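Listed next as structure tokens is one chain, alone, in the form predicted on its own.
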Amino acid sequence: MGAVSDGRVSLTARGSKSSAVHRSQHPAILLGFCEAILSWNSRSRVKTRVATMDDDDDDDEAMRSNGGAVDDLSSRAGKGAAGGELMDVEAYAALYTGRTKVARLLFIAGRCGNEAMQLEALRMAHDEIKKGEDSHLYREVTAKIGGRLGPRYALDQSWADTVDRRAEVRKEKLENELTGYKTNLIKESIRMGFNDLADYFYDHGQLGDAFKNYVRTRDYCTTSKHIIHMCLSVILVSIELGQFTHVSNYVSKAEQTPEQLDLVTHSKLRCAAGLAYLETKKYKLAARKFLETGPELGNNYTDMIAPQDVAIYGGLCALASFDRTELKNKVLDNINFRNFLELVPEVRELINDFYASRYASCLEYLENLKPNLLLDIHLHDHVETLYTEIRHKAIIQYTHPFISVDLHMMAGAFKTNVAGLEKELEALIADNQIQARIDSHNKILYARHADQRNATFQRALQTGIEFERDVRAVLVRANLIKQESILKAAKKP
């Protein structure tokens, strides 16, 4: 706007001079000139406003391209879970399909702490549920909305009753068909009957019954393809039920099928195994599974996980559990995983910063990501643990090359105060993760490097003691033999 103001002043000045000379001769020219100035200023303001709107649109588009699950880097201020308004809920939900989409939206609505965002998540969950047949979940969501979104999102009792009646008719039909298949003893028909009944229960939110029926199809599977389909179905239901022991078991069963798995199925199983390890806090194993996921996954598993999630889960678990060599070989040089990291540039950059020892930038990226990670249905319980592990690894790596470190400079590198940093260092020293001591008066950390000369002398003395002991034992035995004082074992008859 500075350029616009300068232009307005200079043009007005020229207009004033012109009017002083020709005011009496050309009043129409002066009037037209003033109108032109006003029009030009108006257009400048419109262009500025449009340019600003375009910039906002570009930011939104960039956020959508990253999955909507990460913060815009232009905002550097760290926020808590209540800062979830930074998340583009619509773009985030677009990454998923089926019941997972609804579950994630309801999770965001329950934890975001922002009423506008909560209502947006509930609205989208409501619209998604009405595409399906789960009337019980529909009633729950409308109760949570509580009329805050207007009459369109109030409880539609007639719709719910119609769905329930249709569900009862379909259930009775499927059960009768399954009974007929059992009578005819055709294995493939029985398998399909159990599978259809399990699909029915899954669509209607009866996950326990769906799990039982999917498992029952196992006895009637005749090909490897049938077994893999059964395992993937059981894994999907088990993840929604939170029974990750079953997830691990059925991943193993699917991998043991005699036929070679196709690349998409292999990637799905890797993701499922990674989620199971993540849930049990085995972060290193989880990182390995996510890193083994191939780009063939694409959008083929959106009813459970999005490609952006693979990058986030795998990247954070790797940072928290891998050493520098593993981070270089298995993450940064991993061509397949690089395709996932491109979807979430923030995670890619923080991994590069961590490896390049740019810890302030790395921790800043982490703080910007934190509000949205706390709204992730699988990662929220692990965010604090992972962040603590990553920070501790950064501190250890920072101190490792030095004999002494100025705590004031180190605190500046980690964007913290000296007192807080000193407490962190004390904990790491007590846990024997850092071999050092702290000069609290001068605020200097001194490394405890081993005295190589002293260690060499100690090893030499120990070798001498062991040699003397062995020689004495040999001399004693030689004297015993010389004096014929050794008892020989009696020969057996």
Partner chain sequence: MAMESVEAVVAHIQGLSGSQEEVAHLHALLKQSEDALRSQAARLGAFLHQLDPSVHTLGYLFLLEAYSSDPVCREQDGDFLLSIVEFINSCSAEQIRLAPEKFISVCKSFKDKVMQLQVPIQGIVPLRTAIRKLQVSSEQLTTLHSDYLLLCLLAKCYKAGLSILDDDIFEVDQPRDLFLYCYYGGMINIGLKSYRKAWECLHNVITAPMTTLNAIAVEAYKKYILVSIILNGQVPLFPKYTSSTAQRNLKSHTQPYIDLANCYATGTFAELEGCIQTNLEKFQSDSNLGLVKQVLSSLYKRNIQRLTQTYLTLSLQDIANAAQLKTPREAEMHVLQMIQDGEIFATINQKDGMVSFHEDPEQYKTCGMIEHIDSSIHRLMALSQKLGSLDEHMSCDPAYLTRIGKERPRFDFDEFDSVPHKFL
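None of these values were measured; they are calculated from a predicted model. Take the two forms, find the largest set of C-alpha atoms that superpose within 1.5 Å, and that set is the rigid core. Residue numbers count along the first chain shown, from 1.
One more form of this protein should be noted, the form predicted together with its partner chain, which is absent from this view; the next part is about it.
Novice: Of these, 418-426, 392-400, 118-126, 298-306, which stretch puts a heavy atom within 4.5 angstroms of its partner chain in the predicted bound form?
Specialist: After filtering at 4.5 Å, what remains is 418-426.
Novice: For the three residues 440, 446 and 479, which mark the spot I'm curious about, does each lie within 4.5 Å of its partner chain in the predicted bound form through at least one heavy atom?
Specialist: Heavy-atom distance to its partner chain in the predicted bound form: all three under 4.5 Å.
Novice: Looking in the predicted bound form, any heavy atom of residue 458 within 4.5 Å of its partner chain?
Specialist: Heavy-atom contact with its partner chain at 4.5 Å: present for residue 458.
Novice: Is residue 433 close enough to touch its partner chain in the predicted bound form, meaning at least one heavy atom pair within 4.5 Å?
Specialist: It does not: once its partner chain is placed as it appears in the predicted bound form, residue 433 has no heavy atom within 4.5 Å of it.
Novice: Who in 457-476 is close to its partner chain in the predicted bound form, meaning a heavy atom within 4.5 Å?
Specialist: The stretch touches the partner through 457, 458, 461, 464, 467, 468, 469, 471, 472, 473, 474, 475, 476.
Novice: Would you say residue 433 moves its Cα by 2 Å or more between the shown form and the other one, aligning on the core?
Specialist: No, the C-alpha position differs by under 2 Å between the shown form and the other one.
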